[in-house]
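Take a look at this single chain, the form predicted alone, given in structure tokens.
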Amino acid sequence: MKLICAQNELTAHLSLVSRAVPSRPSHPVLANVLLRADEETQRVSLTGFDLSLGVQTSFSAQVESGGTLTLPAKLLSDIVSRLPDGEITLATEAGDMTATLTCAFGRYQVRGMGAEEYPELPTIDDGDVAYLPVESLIEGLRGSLFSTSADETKQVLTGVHLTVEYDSLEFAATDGHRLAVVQTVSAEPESGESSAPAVANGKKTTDTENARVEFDVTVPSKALRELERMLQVNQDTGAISKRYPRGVAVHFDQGQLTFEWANQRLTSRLLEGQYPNYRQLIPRQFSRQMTVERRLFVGALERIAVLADQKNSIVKLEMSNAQQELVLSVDAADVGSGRESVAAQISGEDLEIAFNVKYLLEGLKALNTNEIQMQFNTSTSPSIVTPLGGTKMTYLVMPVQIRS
């Protein structure tokens, strides 16, 4: 095998696939990346796989002779990332597992393993396929991933519940203390064709007017964080959308999900178990409401969090209808106290309520509008945060009981 490629391109693609390489592999070959050079297509593909999450990407290169090999992911990435800009030659001798990397200033050798030991990424040939808009995916992931649970004993809560319908996508995530739900809808089509998430059954049809298969799955947050990262590597998502107008292809069947776009592929197992009926947790009516400028609210919370973090991370909110202001306060025993006020539009009776400051901040930072609205009933019932304009997002956060 012999190929010539750009240092920065090899570095970028190694960075993508290395995230799927396990730190403690169950088999030595899984600590490697699979490198495949194709002389016919003049492309190089890289694969990382931990038996649950798999990432595969490819790029153009000058392939003089094709071949496959697995090389240590961390070592290869560390070497290539430190090489100077310019062309790199990667070559192996027939029957030898050692790859030689040559650049303008030096030469390195890395010992690999045969590709025959590397497990194949799962393929879904007979399952359903949906085409999801890139912008909608990024928007939904940004507004939901932060609310997933880190508690592995509640495994189904460590993922995002994705519901695909003919004309919308819904992302939901909860850790038992807060809930984020994001609904996104495709933009209007240019040619009069439907731009809704195109969902088709692989066996029957690819006509989006007739293919209205709906599905809902729970995908591990680790896989979706990598998906978000891969989609955002190229910040110009519009360019991806123009090149792939049908969006990101999502293939799915029982237990497995695969995302494919732009010569990149991410595969993940699905989480088993019934996801909570989160829609019934969201109150339909409220007796109190507050509208506040998001940046002012976030700034005050960040300052007062310095003291809150010293004790129990609890911040108290006092809303005054007469004064039309929100007062934030923290009383950290034996440490100190803090108090700030922010102008707000308040309707309903005055209210004192307390929250975990981290939960409030993470929810507010996931929004991108100038103003947000908070709705309340009592100091012990769930509160809802929604953006005014922009993303259709509902963020439910449970208050903390205030003790005198």
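Predicted, not measured: the structure shown is a model, and the values here were computed from it. All residue numbers are counted from 1 along the displayed sequence.
Below: the form predicted in complex with a further copy of the same chain, not depicted.
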> Of these, 36-44, 56-64, 374-382, 338-346, which stretch puts a heavy atom within 4.5 angstroms of a further copy of the same chain in the predicted bound form?
Replying inline: 338-346
>> Only one of D125, D334, E120, E272 gets a heavy atom within 4.5 Å of a further copy of the same chain in the predicted bound form. Which one?
In response: D334
> Heavy atom within 4.5 Å of a further copy of the same chain in the predicted bound form: which of R225, R303, K154, R279?
Replying inline: R303
> Is a further copy of the same chain in the predicted bound form near all of L75, D78 and P84, within 4.5 Å of a heavy atom of each?
Replying inline: yes
> in the predicted bound form, does G95 have a heavy atom within 4.5 Å of a further copy of the same chain?
Replying inline: no
> Does the 4.5 Å heavy atom contact test between L307 and a further copy of the same chain in the predicted bound form come out positive?
Replying inline: yes
> Do Y108 and a further copy of the same chain share at least one heavy atom pair within 4.5 Å in the predicted bound form?
Replying inline: yes
